[in-house]
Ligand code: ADP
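A single chain comes next, written as structure tokens; it is the form predicted on its own.
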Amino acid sequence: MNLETPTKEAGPILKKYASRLEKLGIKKIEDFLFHIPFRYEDYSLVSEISNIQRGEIVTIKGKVMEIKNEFTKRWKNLQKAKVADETGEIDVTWFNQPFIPKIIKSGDIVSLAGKADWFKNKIILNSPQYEVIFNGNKPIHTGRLVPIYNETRGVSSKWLRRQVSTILKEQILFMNEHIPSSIIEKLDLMELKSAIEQVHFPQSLKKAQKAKERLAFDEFFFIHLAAIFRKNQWKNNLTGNPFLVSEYNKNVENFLKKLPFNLTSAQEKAVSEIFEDISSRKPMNRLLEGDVGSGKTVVASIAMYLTYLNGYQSVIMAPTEILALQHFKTIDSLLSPFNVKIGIATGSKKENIIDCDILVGTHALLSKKVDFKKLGLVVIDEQQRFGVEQRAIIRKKGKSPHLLTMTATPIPRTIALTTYGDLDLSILDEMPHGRKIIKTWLVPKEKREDAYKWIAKQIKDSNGQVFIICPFIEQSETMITVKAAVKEFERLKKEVFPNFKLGLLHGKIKSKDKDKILDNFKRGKLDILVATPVVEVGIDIPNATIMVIEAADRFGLSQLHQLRGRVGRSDKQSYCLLFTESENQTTIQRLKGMEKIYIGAELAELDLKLRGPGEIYGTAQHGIPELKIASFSDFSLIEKTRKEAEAIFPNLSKYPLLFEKIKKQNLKQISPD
């Protein structure tokens, strides 16, 4: 067994637990050492029995004089023991753990840790942590700062401690130090082996903190270095298809003149950056970030038009059918007048796949049946929803095509620096001319009825349309108070808006029915659309002026901002109402941010500080790395590790262990072209 051994191959016990351990991110032996405790129980006060004080959290070591199972008059099961050391004797009681007398036997030397209680005028220990001490071994569950880990069913902290302790004894000598000694000394970092030992079994809380600081440094340092490595691989190892730009300036200018609007200065800058990239021999690798409605699709369409003029094909891949169809309609309306042939490939719709200049689609584009004669540009929308392998597959359908990824998810600067360090970044931080700020209000439960009356008046007076978003489709027994779309739809239809036409939209509805519902809403046949967050991306209803979000406290600010962006798509004044029944002041403060902040990146920064990246993006977001120790809120550490990574990269080959680690980390992410 070594650090790289998969758990399922590391003996019968770990093989039995392998599937459970995988839920904790433990797939190989090394992962145990990086499964970091989230807190410690302080059992470091070791006392002789005669010196124990009532109320102390204390550890004692002694000999078991007797131990037995005992039943009370009410048939409660107790385990009673007497433990003695040279200074005295103490009674110990456990409840409903009949297996303990099989583990602890009379004559055993034990270490017990817990709170000293008072019973019948004497000190006792109730339900202490326990371990039998064999051959004078040091205790690991008592008598020290004891690590508490994230657990899963059948895998307790006590079980994990035993595995980690064994692995440390057997494998710690084989752990390699990847960080150069010059950096360790300059930044006063703890050495890796010491950090691993101290984070699991610390001599003090100060040393545990120092160990976490070292491991957090490693996490960000490796992320930055891997991103720089990928960027270098991309630029040096790939030869792209340089497009002619100046030769087609008149064509592009003519296209821009026929647009029904003027580009914002942010869009013009993004187009300029993209044109500079695609005229180079190195393939473009750029991320286009912009709020919902900021005009990313138009920028991508201009790039695809230039690709067409150069005799190449483009493909645009979206995560959902709704978004793919929206892109298809937008791109078709913009480019078909210029004889550009647009095709579409989704799970339920396939048109012009063979003979097209631009192919729009979903995961269906990854099929072996979908091929291209001359693919020059790949556009991936909401790129964090696709895995590395999926992005690689679509790129392999061409010979080093240019790559433009897009996202409407507001990315805090700190996360962009790490996660997307290998990409060039263009940001659309302006909204199209004529767009009004969407007035946003947080509505407490006592004002709900007034809000409904106001909505009804708005529909009548201005003929506007309304989205009502619920977090779930069906109501769960465990979440009775949380609004669910199906039940809320019935309630609103019967009790609140009986005089209006309501529709229901959620992920379980068939694609054809979804299209029909959306078409009816777009044509004005429905006044109110009750939906789950399926409408977060890809739905453009210019006449929708009110967005109501139920249980707004269950959403991150970034997601609320994206939902809000589904209205305000015309020159009409639009509104966003956030309904919540939460009275938690931190929650209220967080949601109040929506009333004052209208820039997605700023809201994402606020959410990052208040909730953390896991809550913002969720586990399904493939692009956001899962940090085990470090935090994206640690701005100074991100900046420090980035500078160190940039400084060492030119000399990376001088540090073979570090070089090999980064190569291995990037193996799946380096382009296979």
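Just so we're on the same page, rigid core means the largest C-alpha set that superposes within 1.5 Å between forms. Predicted, not measured: the structure shown is a model, and the values here were computed from it. From 1 onward, residues are counted along the sequence shown.
Same protein, other form: the form predicted together with the named molecule, not shown, and the subject of what follows.
Trainee: Please check if residue 506 has a heavy atom lying within 4.5 Å of any heavy atom of the named molecule in the predicted complex.
Mentor: Outside the cut-off, so no.
Trainee: Do residue 296 and the named molecule come within 4.5 Å of each other in the predicted complex, heavy atoms counted?
Mentor: Yes, residue 296 sits close enough to the named molecule in the predicted complex that at least one of its heavy atoms falls within 4.5 Å.
Trainee: Does the 4.5 Å heavy atom contact test between residue 72 and the named molecule in the predicted complex come out positive?
Mentor: No, residue 72 stays farther than 4.5 Å from the named molecule in the predicted complex.
Trainee: Might residue 254 be said to contact the named molecule in the predicted complex, defining contact as any heavy atom within 4.5 Å?
Mentor: Residue 254: no, not in contact with the named molecule in the predicted complex.
Trainee: Just one of 435, 210, 522, 158 has a heavy atom within 4.5 angstroms of the named molecule in the predicted complex, so which one?
Mentor: For this set of options, the contacting one is 435.
Trainee: Heavy atom within 4.5 Å of the named molecule in the predicted complex: which of 496, 263, 184, 442?
Mentor: Exactly one listed residue reaches within 4.5 Å, namely 263.
Trainee: Just to confirm the contact call: exactly one of 418-426, 454-462, 141-149, 296-304 touches the named molecule in the predicted complex at a 4.5 Å heavy atom cutoff, so which is it?
Mentor: Stretch 296-304 is the one.
Trainee: Any residue of 139-157 with a heavy atom within 4.5 Å of the named molecule in the predicted complex counts; write them all down in order.
Mentor: If the 4.5 Å heavy-atom criterion is applied to the named molecule in the predicted complex, 139-157 yields nothing.
Trainee: Is the C-alpha displacement of residue 255 equal to or greater than 2 Å between the shown form and the other one once the rigid core has been superposed?
Mentor: Superposed on the core, residue 255 moves its C-alpha 2 Å or more between the shown form and the other one.
Trainee: Does residue 299 show a Cα shift reaching 2 Å between the shown form and the other one after rigid-core superposition?
Mentor: Yes, the C-alpha moves 2 Å or more.
Trainee: Answer yes if the Cα of residue 83 shifts by 2 angstroms or more between the shown form and the other one on a rigid-core superposition, and no otherwise.
Mentor: No, shifts by less than 2 Å.
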